Each structure stands twice: as C-alpha cells, then as structure tokens.
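Encoded as structure tokens, the following chain is the form predicted on its own, with no partner shown.
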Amino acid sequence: MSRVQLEVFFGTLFVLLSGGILLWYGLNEPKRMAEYELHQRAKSIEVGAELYDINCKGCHGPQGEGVAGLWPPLNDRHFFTNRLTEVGWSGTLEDYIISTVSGGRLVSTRPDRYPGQGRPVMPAWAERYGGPLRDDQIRNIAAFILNWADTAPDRSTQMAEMAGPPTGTDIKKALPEGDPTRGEGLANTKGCVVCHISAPTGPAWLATPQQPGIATRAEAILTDPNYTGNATSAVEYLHESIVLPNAYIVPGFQAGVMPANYGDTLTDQELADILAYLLTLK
C-alpha cells in the first residue's frame, strides 16, 4: 500500500471515529441534560427547604400546614389544584409563588378563613421591595413548595379547632393563671415569633444591648404621654397589644400589619399562657 493510500485510509478512519464520537454524544445529550436539570432541581429544593425553615415556617408551618384561622396552608391540595383559578392568575403556579413571596400580599383573598382584608397580610420578601431575600433565594423557596405538589393532602376541612370559647377583646377580663412554657410554645405555633423575634416586622420581644425585653418596655410605655390605649398595667398593655393591636402603634411600626383577630382565635387559657411567657422577657 502506497503512502497516499495509507493517508487516505487513516484520514477516513479518523473522520469515521470522530463522527461516531459526536453521534454518541448527540444521542446521549438529552439524557445528560435531563440528569443535569434533575440535579439542579434537587439542589434548588434543598436550598429552598433551608430558606423556608428560616423565613416561612413561622406562619405557614414546618410542613406547610399553615395555622388554622390565621395563616393558610401551602402543602395543601387546594393550593396546587385550585389556587390559580381562585385568584385569577393566568401564569404558572411557580410564577404565582415567586410573585407573592416577592411583593407580599396586601389583602386576604379568603377573608372568611384568614384575616387581612383591608390591611397587609404578608410582607414583601424580595430585596427590591424592602425584604431580606434575593430573587434566586425566592426561586429556591418556590421550588421547595412545588416539591409538595404530588403528595399534598386535602386540608379543605381544616378549621380553627379551639379548646374553648374565644377570649374576645376585653383587656380588663380576669384570665386563668398562665404557663410561660406553654406560652412560648404557642408563640411559635401561632407565628408570633416570626415578626417579633425572627424579623423586625413588629416590636422586638427579646432584650438587646440597646433596650430591655418587651415586659420591661410595656411598663415604660404606660407612662408615655403619646400612649393611646386603655391599659393601666404592663400585663393589660400586652393583652391589649394582642387582641387590639391597633389601639397603640409603637413608633417606627405600621398600623394594620398585625392580625386583629387574635381575640377570635385564642382562648382565655392560651392568651394567659402567652402573656405569662411575655412577662418573662424582661
């Protein structure tokens, strides 16, 4: 075989091998891309779970179960099957979640079940709207919430299950003895800590180097000439701030942000327990 023939032979062999390799990569590219997207999705859900745990579970529950009468569930069949129709959203559910988390919600869309008609019910979480989260972090939270879609239970019958009659809004009424330990637990399950401990949405409860805890400050507020409520003691002030949150707005905070229906959703014992807990925060 001449030199020319050898060059033609090896050249042809090189072309055939190169084509075969490219063809192999081409045939496997969809599978590789699918595996890459699955990996990225899993990573996004994992990051979103951590962000949800920090920022969202206080109101919507550790497993997205919500708080009956206060905060709607997200891990709920209704949310995945009917929510977009209910609010008239024409985009995807992912876009709806991202939009809602980013800009917050000004009014309740289900005022018969959750408070907030006429006042903000959820603050904005996106940095560009004054919140603490970047856009990529909000997309990760949306991925985590969407991860519940296939297993979400039907919570349509979930209603506030109260252990007694609602306490009402009379801050002078006699309450049973409270348990601060139970009160701390209730402050977590009712979502209070989200705005008063985890984020500065409401007046801070815990003491800091700059100021004492809420129990000590409650006593001082009563001597403030600008105080507009009707309390005459620290415990009455704390009572009033829970069941009549707009009776006095602490300077620097907005009226109407805190739900005004705790008088309808707490029993006397639950309120007494929460007050007992607050009174420990000197």
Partner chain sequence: MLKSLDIQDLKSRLYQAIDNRVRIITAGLNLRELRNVLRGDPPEEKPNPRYKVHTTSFLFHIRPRYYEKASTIFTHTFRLGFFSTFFFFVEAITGIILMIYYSPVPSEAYQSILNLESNVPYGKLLRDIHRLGAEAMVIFVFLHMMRTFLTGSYKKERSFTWFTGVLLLGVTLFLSFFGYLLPWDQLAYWAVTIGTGMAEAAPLFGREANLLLRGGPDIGANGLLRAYLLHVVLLPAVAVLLISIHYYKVSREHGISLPAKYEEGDIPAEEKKNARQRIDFIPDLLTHEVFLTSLGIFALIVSIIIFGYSAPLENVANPQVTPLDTKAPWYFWWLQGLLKLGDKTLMGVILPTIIAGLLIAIPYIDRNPHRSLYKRPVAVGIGILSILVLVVLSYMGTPLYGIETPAATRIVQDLAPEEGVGPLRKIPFDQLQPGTYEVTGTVPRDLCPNLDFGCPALTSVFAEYSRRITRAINDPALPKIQRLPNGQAFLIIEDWQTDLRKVTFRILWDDPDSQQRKTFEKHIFIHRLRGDE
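Residue numbers count along the first chain shown, from 1. As the structure is a computational prediction, the values presented were derived from the model and not from experiment.
What comes next is about the form predicted together with the partner chain, which is not displayed.
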One stretch from 186-194, 99-107, 133-141, 164-172 that, in the predicted complex, holds residues within 4.5 Å of the partner chain by heavy atom | 133-141
Answer yes if any heavy atom of residue 82 is within 4.5 Å of a heavy atom of the partner chain in the predicted complex; otherwise answer no.
-> no
Quick one: is residue 59 in contact with the partner chain in the predicted complex, heavy atoms, 4.5 Å cut-off?
-> no
Is there a non-hydrogen atom of residue 253 within 4.5 angstroms of a non-hydrogen atom of the partner chain in the predicted complex?
-> no
Determine whether any heavy atom of residue 232 comes within 4.5 Å of a heavy atom of the partner chain in the predicted complex, and answer yes or no.
-> no
Residues of 9-32 having any heavy atom within 4.5 Å of the partner chain in the predicted complex, listed in sequence order = 10, 11, 14, 15, 17, 18, 21, 22, 23, 24, 25, 26, 29, 32
Look at the CA atoms of residue 76 and residue 267: state whether they lie closer or farther apart in the predicted complex than in this form, given a difference of 3 Å or more.
-> closer
